[in-house]
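Subsequent text provides structure tokens for two forms of one protein chain, presented individually as structure 1 and structure 2.
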Structure 1
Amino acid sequence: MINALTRLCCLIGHPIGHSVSPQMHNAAFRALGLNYVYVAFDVPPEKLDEAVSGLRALGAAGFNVTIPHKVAVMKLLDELDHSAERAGAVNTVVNDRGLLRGYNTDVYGIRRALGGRELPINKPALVIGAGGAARAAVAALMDLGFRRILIANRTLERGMALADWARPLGVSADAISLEEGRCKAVECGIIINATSIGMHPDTGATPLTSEEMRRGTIVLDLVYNPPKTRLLEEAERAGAIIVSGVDVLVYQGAEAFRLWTGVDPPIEVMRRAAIEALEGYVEDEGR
């Protein structure tokens, strides 16, 4: 029951209509009997400063940050955790009595989603995109042992900036065009889509087709709505090993939950709530 002591957590991004984070976090709060509530706010870029100031003033326990604010929000925070500094982006903020500290739980989520399998670290990795999610993907790949990373992006300059950021951290990183990325994908042991290509409502879009991937490649799509994107369908058709963005969503959300509450999250409750919400989303859209 919501009352005067309820702690607020939320998501800020633009757009946010596709998000199932409210269902996932609120299910976890209920399961543990915690007096928290999680909501989502659509915040356009020109309103980001005001939104962050407002959440600080309201005493929100913390908030998640999604596209397109993961880099821009950094300058509005008081401190950055090592995870955020290393990833060069923030997706989780904790409000410690008015002090806003930024974290990156996307890196953790990607590592957990890819864990438990043998990884082809001696082959190049391909990251599609050059925004905050791509930075987290590059950082996670470095943590997992990859030392050769190709960054394919529509705007080559942004890809070059990400490659320049990654090289001093100990990897060989090169920026390439999306067209070149489609040619190079067959040489890569792992492919991560860190763009919004294929996200609802544009579910027919894909950065790669089955002909541009090979059997045995690990393909992770950070898009989770729908859970099996067109990219993952194409990868499956090519015989690749697919990893849904739902896994990353759950693991990164679980780490954010822990940071806000100090309590270990009920991960399976969160996973079930996210999947049910996504299934319901598809049903509603079909009516």
Structure 2
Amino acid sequence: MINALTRLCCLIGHPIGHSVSPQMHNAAFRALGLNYVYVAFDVPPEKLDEAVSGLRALGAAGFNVTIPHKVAVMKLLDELDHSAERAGAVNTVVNDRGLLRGYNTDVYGIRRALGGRELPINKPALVIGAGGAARAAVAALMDLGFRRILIANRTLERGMALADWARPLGVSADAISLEEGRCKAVECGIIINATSIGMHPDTGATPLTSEEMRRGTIVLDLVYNPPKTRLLEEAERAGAIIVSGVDVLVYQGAEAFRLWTGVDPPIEVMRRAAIEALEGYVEDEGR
């Protein structure tokens, strides 16, 4: 029941129609009986300043930030947590009595999705992509102990910029073309797709085929719509260990939930709600 004491959490982005965060967070609030609500606001870039001031003035408990505002929002906040400074982007903001503090829970989400298993840290890791998600992937791989990272990207200069960022932090990082990435993938212990290749509605696309991957390699696709992408199907065919982007979505959201409420998130409730919302999304599109 929404009443005069209900706390507001939200997403700001542009566009936001594809987001399943409202379903995921509202299911979690309901499951724990917390008097919070989560909504999504489509905020174009020229309205970002006003939107952030408005959320501060309204006393929102916190908000998520998505494309294209993850970097631009940083200068509008009062403090940046180490996680946001490291990732160079903010995806979660906590409003602490008018003080806005920015966090990045994507790195945590990737780390947690890959954790709980033995990782081949002595083998090279392959990250496909060089945008914000790729940077979070590189940071998570460093945290997990990988020391050699190959960054394959369509635009080589962006890959080089990401490798230049990573090297001083103590890893060997090289930028390569997507074609080179396809050849090198069999030598890698872990592969992370951080491009939008394979995302709905282009679900037939994949950055790698089964012949280009090997049995036992860990393959994480950050694309979560559909939950099982063509890349993951190809990886499974090759005998690889697959990890869905839905896991990262759930864990990054769960960490934001914990930051806003101070309460342990109901992970399985959030996962179920996210998957149901994604299934509904695909059905709606098909109509």
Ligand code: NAP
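Between two forms, the rigid core is defined as the largest C-alpha subset superposing within 1.5 Å. Throughout, residue numbering runs from 1 along the sequence of structure 1. All figures in this text were calculated on a predicted structure; none of them were measured in a lab.
> Just one question: which structure is the form predicted on its own?
Replying inline: Structure 1, not 2.
> Would you say residue 145 moves between structures 1 and 2, meaning its CA shifts by 2 Å or more once the core is fitted?
Replying inline: Comparing forms between structures 1 and 2, the residue 145 CA shifts below 2 Å.
> Comparing between structures 1 and 2 on the rigid core, is the C-alpha shift at residue 73 2 Å or larger?
Replying inline: Yes: residue 73 shifts by at least 2 Å between structures 1 and 2.
>> Using C-alpha superposition, tell me how many degrees the smaller rigid part swings against the larger one between structures 1 and 2.
In response: The computed domain rotation is 13 degrees.
>> Rigid core superposed, I'd like the Cα shift of residue 42 between structures 1 and 2 in Å.
In response: For residue 42, the C-alpha ends up 4.2 Å from its position in the other form.
> residue 8: how big is its Cα shift between structures 1 and 2, in Å, with the core superposed?
Replying inline: In the core superposition between structures 1 and 2, the C-alpha of residue 8 moves 3.3 Å.
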